[in-house]
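The chain below stands alone and is given in structure tokens; this is the form predicted on its own.
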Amino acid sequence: MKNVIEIERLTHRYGKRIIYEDMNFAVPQGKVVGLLGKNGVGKTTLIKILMGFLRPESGVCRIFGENPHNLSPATRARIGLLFEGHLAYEFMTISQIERFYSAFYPSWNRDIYFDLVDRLKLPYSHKIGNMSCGQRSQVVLGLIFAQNPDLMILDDYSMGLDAGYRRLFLDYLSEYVKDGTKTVFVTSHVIQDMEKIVDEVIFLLRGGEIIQTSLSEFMSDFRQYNFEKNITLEKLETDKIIRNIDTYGKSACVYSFESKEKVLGHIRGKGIDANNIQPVSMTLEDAFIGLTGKY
């Protein structure tokens, strides 16, 4: 299976603050890969580096085998990009922006664009600048799908979309990737949507740690264990076994990639009685919070 995106030993920082250090991952062709992380860990920065808008301190990035700073016009035409904020040419109308974009993409499908924007029930002479945030988002998503790109990079596609339009987007995305040749690299703050669409997840954690795995493996391997907080937890700290700790009321929970037996033995080794520990099922959003923390 070919890799559409390749990152090798990527290092970047803002001043003394390290964003990534020797980061490595790849996005295979035909997969929907979700990039997840708390605000400020560098998700949008990474997309800027991938598109050649920002130079990293060191490391190698490739898209379709090319350096992002030297992408050929033919390769750029294979990429559909949505940046956080849904920027568009606001002085144009619905019809004008379609004609403008269509000239740059050989595989342009105007029917997909108008199928999406017609749901707004606005005249084609309506200016983008006079739309609500959600309406502009719908136009931009229509433009991206109409490009019929081989790689779709979506930085928080859900901004401004209500629940109905988000569901509509997911329907279109499912159709887009159905033949197994299209690749999607996506970030979103709506984690429950990600659980429905992604094949793999990449977690960017504070301090530059990265975890890449299939969604199914992550959901089966990462576990939450609850127990009654009837003793002090001062001796219990996060480490290679305990990835996170959360307490509330008379209960406490720990998150780990290890089995119940190994977690229980580890906690007992700290002098903590946790015999009543029990595994708890999680959604992807629960697991994301368990891995990255609430704050």
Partner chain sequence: MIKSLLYKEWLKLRYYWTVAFLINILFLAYLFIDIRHQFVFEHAEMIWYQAFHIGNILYDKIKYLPLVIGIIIGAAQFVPEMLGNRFRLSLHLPVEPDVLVFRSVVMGILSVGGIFLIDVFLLCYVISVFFPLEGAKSAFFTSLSWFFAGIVAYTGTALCALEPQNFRKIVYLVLTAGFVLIFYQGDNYESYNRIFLKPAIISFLFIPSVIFSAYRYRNRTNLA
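Every value quoted in this text rests on a predicted model; they were computed, and no experiment measured them. Positions refer to the first chain, counted from 1.
Omitted here: the form predicted in complex with the partner chain. The next part is about that form.
In short, of 172 to 180, 193 to 201, 94 to 102, 209 to 217 it is 94 to 102 that has heavy atoms within 4.5 Å of the partner chain in the model of the complex. Shown here without its partner, the chain carries 53, 76 and 81, all of which come within 4.5 Å of the partner chain in the model of the complex through at least one heavy atom. Remark: residue 48 counts among the residues lining the partner chain in the model of the complex, judged by a heavy atom distance of 4.5 Å or less. Residue contact with the partner chain in the model of the complex: residue 115 places no heavy atom within 4.5 Å of it.
Residue 90 belongs to the set of residues with a heavy atom inside 4.5 Å of the partner chain in the model of the complex. With a 4.5 Å cutoff on heavy atoms, residue 262 does not count as touching the partner chain in the model of the complex; it lies far away.
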